[in-house]
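Only one chain comes next, encoded as structure tokens, the form predicted alone.
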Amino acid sequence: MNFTVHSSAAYHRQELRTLGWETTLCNILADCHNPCRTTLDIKKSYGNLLFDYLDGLFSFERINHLLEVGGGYGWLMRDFMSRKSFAKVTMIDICPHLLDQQRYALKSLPGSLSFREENFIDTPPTVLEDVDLAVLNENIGDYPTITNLPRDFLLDSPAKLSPSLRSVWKFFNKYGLPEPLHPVFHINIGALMALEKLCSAQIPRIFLSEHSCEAAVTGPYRNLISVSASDNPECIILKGHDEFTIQFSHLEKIGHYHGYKIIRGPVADYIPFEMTPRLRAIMKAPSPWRDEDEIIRYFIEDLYKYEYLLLSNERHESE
């Protein structure tokens, strides 16, 4: 069986020195002069837009211990901490360079801050015991993905399987994941393990976002904004490592199994844009007229290529 386990852990631990090669929504909207900001209905940074959206769903007054895994340059957390003083903030990252960037970005903000350099899958469960909200923003595509799995192996006895394949078999059988549509499929095993870890810790609220392999545009812009999806995690080749789009329906299954209520949608839900005549012309053009137009078009498409999940455990919240 010629499957491959893709991991970016070594790159993030040893080689990463900049996120300049990765165009994340958080990084794009951090620059108030970026042309993508001109398209927004509310011209704020990514972290502030996300804070507003989440605050309308559960109120940040209920959040005392905030956890972020894979916090990049620390800009999202900086926005959050600028809006509310949290009793405790924990940052977990596998990359020592990015942890240094996070320390610098957050050093002048009040609150009890702790920084942990580790693979989140290895984080001790005790670290998660009193977390009120966990945020994994634009990073679960970095987690290990197993590719080129033949669908028929799911019919085998787990006793005959290697540890990697036994882990995949367990997720399909425990959580009732749907049978893959393709004879050969890929699975975001690291993302599944991370969410299982968060749900098992009974964290009341969990937020995840990433490129989706199941993305779609619905509503009035479905014929204007072009998004393609294969329903199978796709490789995104970046400097020094590969990332994979996420099969969000698998994550939903895990959340429901553990008793979570789930909100799922495109990040356009919390990054609203204004469809001006100029933006409409950019999106309808057969090809971009200017470099700036190409940047804007790619950004608007990404608002639908990225999906998010917000999981809330109502039983835990009511205690």
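Keep in mind the model is a prediction, meaning the values are calculated, not measured. A residue's number is simply how far along the shown sequence it sits, counting from 1.
Omitted from view is the form predicted together with a small molecule, to which the following refers.
Trainee: Taking 4.5 angstroms as the heavy atom distance cut-off, pick the stretch from 278 to 286, 264 to 272, 250 to 258, 62 to 70 that is near the small molecule in the predicted complex.
Mentor: Careful reading of the contacts points to 62 to 70.
Trainee: Please tell me whether any heavy atom belonging to Tyr143 falls inside 4.5 Å of a heavy atom of the small molecule, as the geometry stands in the predicted complex.
Mentor: Yes - in the predicted complex, heavy atoms of Tyr143 and the small molecule come within 4.5 Å of each other.
Trainee: With heavy atoms only and a cut-off of 4.5 Å, decide whether Glu138 touches the small molecule in the predicted complex.
Mentor: Looking in the predicted complex, residue contacts with the small molecule include Glu138, since a heavy atom lies within 4.5 Å.
Trainee: So in the predicted complex, does any heavy atom of Asn27 sit within 4.5 Å of the small molecule?
Mentor: Result yes; Asn27 sits at the interface with the small molecule in the predicted complex.
Trainee: Within a 4.5 Å heavy atom cut-off, is Lys305 in contact with the small molecule in the predicted complex?
Mentor: Judged by the heavy-atom cut-off of 4.5 Å, Lys305 is well away from the small molecule in the predicted complex.
Trainee: Heavy atom within 4.5 Å of the small molecule in the predicted complex: which of Cys213, Val131, Ile189, Leu98 fits that? Just give me the one.
Mentor: It is Leu98 that has a heavy atom within 4.5 Å of the partner.
Trainee: Looking at Asn119, Ser164, Gln202, Ser82 here, can you tell me which has any non-hydrogen atom within 4.5 angstroms of the small molecule in the predicted complex?
Mentor: Going through each option in turn, the one that passes is Asn119.
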